[in-house]
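Here you get one chain, nothing else, as structure tokens; it is the form predicted on its own.
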């Protein structure tokens, strides 16, 4: 006994000793009423200071696992191990799968992360479209944290408000106004990123028709959540400048929809930016057919060139038919799970209640750090640096694709990825398997399609891939694709 104790750097020694002794008591290696080794003896056995043992014993006593007899030493409290999994604990098992709901079973079925190819060490992975952490502005994030904690740390560590941290809400109102949004009659709700915001909106949205219309292909996480909420999904073909308006009109003529879900800027997965003309035409159709729009803001800040394109919610003017889902996750720091819903103030009134019932509130600490970082003008400085780097990687990836990959079409106007389409009949799942054997992986495009098609497509995320790996990886993909075409 006591020979398997190992210290972990960075954690107080007395706590490690206390936890170790607790473990022995819970596992009944030390029985109730049994005398514990003296502090001097245990100090020698565990090779730690006697003061650490004294503190550990005091802490064990505070937790009810030990007691002291004056002049005799420390003992294990009677029954300290009972109810903690010892031999006398009740032991029975059940088949939890029989109790799992249909919702959970469908969630597991749609969970591609569990079924995706794992990137072994050394693999060139084009699967991620997360930002490159080497660009993160850690110094200003650290300053933002210290500044907010010094101002209101006691408040930030307590419960917050379901609607969100007011200074951040006020900042984001102005931020969206600068995007051309008419903020009259609109309000904001802070969420744990895009996914929670989308989930809350779908929860609040009544299923009058049970169907949603969107681009085809589209964001897989959105497809997954729509299915989990029981919506039928109708996808409309993408053109080079966005959704096919003629096909969209035909779909709207055929049936009614509860809403449209759209990603107009740096669309996931195609990377296409919808043209201003098409945005106007789209919003006219939505108005004519009385279909509300859920707009996914995605990574519209990663504009490399050209003029700013206003979001759909700006094109809606003073109307309230667009629900905008915003997030800085693809631009700034995904680890700060902060997003927002901008919508009609009456809708936000109900979304706030759904949010409160679901998660009470988004981390006030995370919100305050983001607010302070944004307030200091750091977003603009960071974006300038990030755009230059991502534009460079985008151009390198684009050039490599044009040189090596025998594609039928290639799309991506910026952002963090490119979308490759091969000739009909080509299977990118087979290509993925062949490339995986050579140390290269990407995202097969069929997961983004709403109608089971897309077997001839793939998405290349380049944001976290080194230059040399971009060159080598795309060369391997292209060479392997040509071999499979023979």
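Residue numbers count along the first chain shown, from 1. Please read all numbers here as calculations on a predicted model, not as lab measurements. Rigid core: the largest C-alpha set superposing within 1.5 Å between the two forms.
Same protein, other form: the form predicted in complex with a further copy of the same chain, not shown, and the subject of what follows.
- Although the partner is absent from this view, residue 59 contacts a further copy of the same chain in the model of the complex, with a non-hydrogen atom inside 4.5 angstroms.
- Remark: residue 448 does not count among the residues lining a further copy of the same chain in the model of the complex, judged by a heavy atom distance of 4.5 Å or less.
- Interface residue remark: residue 395 is not counted as part of the site for a further copy of the same chain in the model of the complex, having no heavy atom within 4.5 Å.
- The shortest heavy atom separation between residue 476 and a further copy of the same chain in the model of the complex exceeds 4.5 Å.
- A heavy atom within 4.5 Å of a further copy of the same chain in the model of the complex is found for exactly one of 410, 211, 117, 205: 205.
- Exactly one listed residue, out of 406, 167, 292, 73, brings a non-hydrogen atom to within 4.5 Å of a further copy of the same chain in the model of the complex: 292.
- The chain is drawn here without a further copy of the same chain; in the model of the complex, the stretch among 397-405, 138-146, 261-269, 243-251 whose residues come within 4.5 Å of it by any heavy atom is 138-146.
- Using a 4.5 Å cut-off on any heavy atom, the residues of 370-386 that reach a further copy of the same chain in the model of the complex are, in sequence order, 374, 375, 376, 377, 380, 381, 384.
- For residue 171, a C-alpha deviation below 2 angstroms is recorded between the shown form and the other one after rigid-core alignment.
- Relative to the superposed rigid core, residue 26 undergoes a CA displacement of at least 2 Å between the shown form and the other one.
- Put the two forms on the same core and the Cα of residue 17 is off by 2 Å or more between the shown form and the other one.
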